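One chain comes next, on its own, written out as structure tokens in the form predicted alone.
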């Protein structure tokens, strides 16, 4: 009796905690309400199964408890019970799988005309690239990455000259504009996750993964790395700011393009000649005299 009562109390306590828990979702800030719906369906299916199993265990403990003079029966197979369990389990798994597949298909099917941004992860910071006035991101190659070109952009690609580069700073998105988020990693596995967007995706070195979203409310939201990526994983955080059109354009005008970055990194005109001349003079001064 005591064990049966404890099982019932655990069941009741779990259900009450679920509905009264202070730890719940943050207010959604993107179009992905389907993610919440899918999680709720999973909660209902797994919750009903949990309650049913716990109640069945309590019933069995009480109904089949040891009593003097009562003999147990050995029944190794029960075809009827096995069929019922197989059918009910199959329905439950399908109920959790089908909504997830439906949402996943939408999650990676980018609508026509969506803007595109790139998120680049490295231990332990976030960097971002946005298209310039041409609306297209230039090509990139990991072999081109260096101190002056941290994104590895192809300097010969005209589409990349006006790309906006944001290194270790806040990402800004425009309200109510669909955007494709392309994801790259320079070193190890990372995961781009914004809880308010209900959007996350692994970032695999050597691959470009992606998803899309539409921000639906303004504000500043945390970017988290949701994949253990090293000793600084806990501190790999960033911010994404959703602006209205006017605020977004003002911020965008203040950012530096790839062409401006390369111009700033290049030595002034004639500096290479001066350096070479000074080197030759130094060699001449140290050379032995005839």
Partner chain sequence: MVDAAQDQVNFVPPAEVEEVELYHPKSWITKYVFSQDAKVIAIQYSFTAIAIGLVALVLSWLMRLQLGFPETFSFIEAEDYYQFITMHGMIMVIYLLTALFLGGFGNYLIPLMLGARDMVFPYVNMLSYWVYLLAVLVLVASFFVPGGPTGAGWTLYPPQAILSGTPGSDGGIILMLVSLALFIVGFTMGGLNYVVTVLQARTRGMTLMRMPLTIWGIFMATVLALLAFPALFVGAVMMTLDRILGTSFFMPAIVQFGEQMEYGGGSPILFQHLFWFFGHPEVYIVALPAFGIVSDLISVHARRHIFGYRLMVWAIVIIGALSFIVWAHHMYVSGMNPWFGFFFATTTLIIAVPTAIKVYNWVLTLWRADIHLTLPMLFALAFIVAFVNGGITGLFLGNVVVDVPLSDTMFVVAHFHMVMGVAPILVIFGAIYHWYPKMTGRMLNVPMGHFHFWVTFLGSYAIFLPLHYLGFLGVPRRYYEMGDTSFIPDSAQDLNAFVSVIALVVGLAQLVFLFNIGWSMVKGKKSGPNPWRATTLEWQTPETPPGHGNFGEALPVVYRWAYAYGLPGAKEDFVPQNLPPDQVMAEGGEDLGAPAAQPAE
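Model, not experiment: these values are computed from the prediction. Positions refer to the first chain, counted from 1. We call the rigid core the largest set of C-alpha positions that still match within 1.5 Å between the two forms.
Heads up, the form predicted together with the partner chain isn't pictured, but that's what we're talking about next.
Partner proximity in the model of the complex, defined as non-hydrogen atoms within 4.5 angstroms of the partner chain, places exactly one of 191 to 199, 132 to 140, 153 to 161, 171 to 179 at the interface: 191 to 199.
This chain lacks the partner; the member of 166, 115, 216, 186 within 4.5 angstroms of the partner chain in the model of the complex by a non-hydrogen atom is 186.
Using a 4.5 angstroms limit between non-hydrogen atoms, residue 227 touches the partner chain in the model of the complex.
Put simply, residue 222 is close to the partner chain in the model of the complex: some heavy atom of it is within 4.5 Å. Though the partner is left out of this view, residue 247 does not reach within 4.5 Å of the partner chain in the model of the complex, counting heavy atoms only. Though the partner is left out of this view, residue 205 does reach within 4.5 Å of the partner chain in the model of the complex, counting heavy atoms only. Along 67 to 88, these residues reach a heavy atom to within 4.5 Å of the partner chain in the model of the complex: 67, 70, 71, 72, 73, 74, 75, 76, 77, 78, 79, 81, 82, 85, 86. Core-superposed comparison between this form and the one not shown: the CA of residue 28 stays below a 2 Å shift. The Cα shift for residue 178 between this form and the one not shown, taken after rigid core superposition, is smaller than 2 angstroms. In the core-superposed comparison between this form and the one not shown, the C-alpha atom of residue 100 has shifted by at least 2 angstroms.
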